[in-house]
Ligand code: NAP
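Here we start with a single chain on its own, the form predicted on its own, put down as structure tokens.
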């Protein structure tokens, strides 16, 4: 029997393990979800929304268990209180727009014709969730999918193996029928076999580019709808009129929070030459104030990375950049807790350029490179010189300028004077190798449903 294991970054030991479900049992679970879907979809949307929000509330009641579990599984310090703020904000927002997002588009309603377009649930939605923000990324799809009348099967990454189990437990205890929302422990081969067999009507995957390619290969020829949020190398651009202190505070937090393990974390920063020296100096001071340590200690502000192999990637990229002329500005003596394994000190690099892997490939750790630029044109060229496109963070007091620059950027979201935030009223989407599709907002509901047209002629004459 294959066991799926979570190796805790806290101590390098097995924290939790579950047996992988055999293919035949997994098929039965999917069949139960399919049988339950029609009755679930027949319930009024208001009832579905109420039950989903009850599940969210029940999970909130488990905060004392959820927060330390996350620390043990993926290393986020307990002082930050888990993911409840974003989890609740996203759930509440999609609940507030569900009825409008799902209502029919009326073309004609007369004594002769009824013509309308209705939104119909896909059926069974498969959510493959990542470990870095395992609750918030999952709820992006789980909440609107259930509200729209789909049944949902969730599979979490092995690093956060307990998250899907706990989410489903909370929702079932709150009244969501057991077959409507299920958590399955699946290995890669079983997952691929289920997808290839067209077990699902829509699949949402958040993870690596290679993981996205594997999903696409497994789904080839099935015509299953896919939503893919993959890699990122999100840039910040600090213009000459920026609020310097605010830019440093937000961009450094965006680069290092959660040990840099954020889908839309800031990984490279371009600063106008007039502010460059001051920005670098303030950034080094900001990052140097972190306390690296055990995430279960309330005094810890920077925990370990989720796995020592992830930290190894960051160390390799930094070392390669330094060997090619980059300069590391954070004194390692400030972080004696860096053990060469999962516990990794943050780092700021200057004298970097785009010949270095560190400035082009996803790092996904608490390290950021800063480059000097002369003007908007140079910054735009550098920000677009990347295979990814999730978000960009522009720092200026001129909204028109930010909009003009944004139109030339190859990205899913343009931020001005903020970063590393997912606004549930806006579509969360990406371009290039960051993936395709979109979640949240009214468009998220549209992606989790399909249009059905009704053309009803009331008279035969």
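On a predicted model such as this, the values are computed, not experimentally measured, just so you know. Residue numbers count along the first chain shown, from 1.
Quick note: we don't show the form predicted in complex with the ligand, though the next part is all about it.
- When the ligand is considered in the model of the complex, only one residue from 137, 151, 259, 347 comes within 4.5 Å through any heavy atom, namely 137.
- Contact with the ligand in the model of the complex, judged by any heavy atom within 4.5 Å, is made by just one of 164, 365, 130, 369: 130.
- Among heavy atoms of residue 188, some come within 4.5 Å of the ligand in the model of the complex.
- Although the partner is absent from this view, residue 211 contacts the ligand in the model of the complex, with a non-hydrogen atom inside 4.5 angstroms.
- At the 4.5 Å threshold, heavy atoms of residue 155 reach the ligand in the model of the complex.
- Contact between residue 205 and the ligand in the model of the complex is found at the 4.5 Å heavy atom cutoff.
- From the list 316-324, 235-243, 222-230, 143-151, the contact stretch for the ligand in the model of the complex under a 4.5 Å heavy atom rule is 222-230.
- Residues of 241-273 placing a heavy atom within 4.5 Å of the ligand in the model of the complex: 263 alone.
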